[in-house]
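Here you get one chain, nothing else, as structure tokens; it is the form predicted on its own.
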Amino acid sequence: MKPVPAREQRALIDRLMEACGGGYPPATRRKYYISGPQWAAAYQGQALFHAPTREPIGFEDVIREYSKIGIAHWSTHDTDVIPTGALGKEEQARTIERIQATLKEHGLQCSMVTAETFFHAVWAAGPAAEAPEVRQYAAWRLANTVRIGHELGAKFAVYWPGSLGYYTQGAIDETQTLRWYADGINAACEADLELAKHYQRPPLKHCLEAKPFEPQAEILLPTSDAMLAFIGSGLLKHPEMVGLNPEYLHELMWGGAPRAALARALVAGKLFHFDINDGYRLKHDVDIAIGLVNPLDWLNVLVLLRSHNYNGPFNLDYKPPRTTSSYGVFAVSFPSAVDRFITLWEMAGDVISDPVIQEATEALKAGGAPADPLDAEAVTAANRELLTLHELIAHRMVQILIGQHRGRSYSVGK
């Protein structure tokens, strides 16, 4: 193949993207509760060992491009759109007005806001640091983010306490730090109750997001299970207002099963919001787009959520690869991520209604009717053959994933 001149490369991307097929029109994409974060689209490819590979982009361009794709909801950190020094000041009010106008112009809604409590130097010791002035500032930042959420019409506020931890053992009293962190969440909920009255809106749903690694060496609330324990600890004044925003990769990173973590959140009635992406176990937070690494696991996750009528947001919390151009972010990365989600979601419906899986599942639940249900050997013998259905169900899910249940096969040469 001949070299492709720079002026022809976008046309090549567009042609090959069209050749891929399997895409959905924007009107179809808007039917799903998918939200596009400001930070994901504006990510420039920078990291600890990596320089940026893309140009900066503002919220006006992000919202416009999301609208073209068919992403109907937008989410943001406070400082994604407002400089730290401008928070709570006149510049914040002017920026909120611009965001409101941009959302209205392009037909998007703000679904979620979140506070940056991990990047700025003020968080060097975390949002629940020993210094009372740091904690006072953290409480104000959380309350201010809630205000931003109400002004933008959001329904959710998310908190990622990534810097709640320590670098060296013995540096902090973990029990006191958790109490101080609870004070911050309590301040956010108290502010929310007042703001909801002022704006005549329902209170936001407050969502805690766990992550096992980074940026501290040890994290105090590393998993969704730890977050559930924290919510139920008695430290929160309004635990009914607080739930979870699990992230798929954050649960996978430590070696856990995202589906199992989601199941525990569902049982507790605390699955409020869900960040969707992909990646690898026992690795760093690569934030790959949904379905590019673990499509079968993702199908299983969505079967669980569809089976239990989850109707919250699916937030595209991933980073377009550093190798993707600024043009490719919106021409390939986001539309393909949305389309994979939609396909997997609809496949999950096929799994739930599949007659083979239904019959196998019901047979397992019915059991083998042993002559004596209190005889361990009889119970074992009665169910021995039925248990093979576990693997059969897994095989059937793979068939659905690759279309083999509809007759797809490959010719095998002699």
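Numbers follow the displayed sequence, beginning with 1. These numbers were taken from a predicted model, which means no experiment stands behind them.
Here the subject shifts to the form predicted together with ligand GCO, a form of this protein not shown in this document.
Residue among 297, 225, 285, 190 with a heavy atom within 4.5 Å of ligand GCO in the predicted bound form: For this set of options, the contacting one is 285.
Only one of 319, 206, 150, 141 comes within 4.5 Å of ligand GCO in the predicted bound form by heavy atoms, so just point that one out. Residue within 4.5 Å of the partner: 319.
Whether 30, 65 and 340 jointly form a contact site for ligand GCO in the predicted bound form is the question; each needs a heavy atom within 4.5 Å. Heavy-atom distance to ligand GCO in the predicted bound form: none of the three under 4.5 Å.
Listed range touching ligand GCO, judged in the predicted bound form by heavy atoms within 4.5 Å, from 232-240, 182-190, 217-225, 152-160: Only one stretch qualifies here: 152-160.
Given that the partner is absent here, does residue 211 sit within 4.5 Å of ligand GCO in the predicted bound form, heavy atoms only? Heavy-atom contact with ligand GCO at 4.5 Å: present for residue 211.
Is residue 59 close enough to ligand GCO in the predicted bound form to count, meaning some heavy atom within 4.5 Å? Flag for residue 59 set to no.
Any of the heavy atoms of residue 77 lying within 4.5 Å of ligand GCO in the predicted bound form? Output for residue 77 is yes: heavy atoms within 4.5 Å of ligand GCO.
Decide whether residue 118 counts as a contact residue for ligand GCO in the predicted bound form under a heavy atom distance cut-off of 4.5 Å. Judged by the heavy-atom cut-off of 4.5 Å, residue 118 is in contact with ligand GCO in the predicted bound form.
So which residues in 20-59, when you check ligand GCO in the predicted bound form, have a heavy atom no farther than 4.5 Å from it? Residue within 4.5 Å: 39 only.
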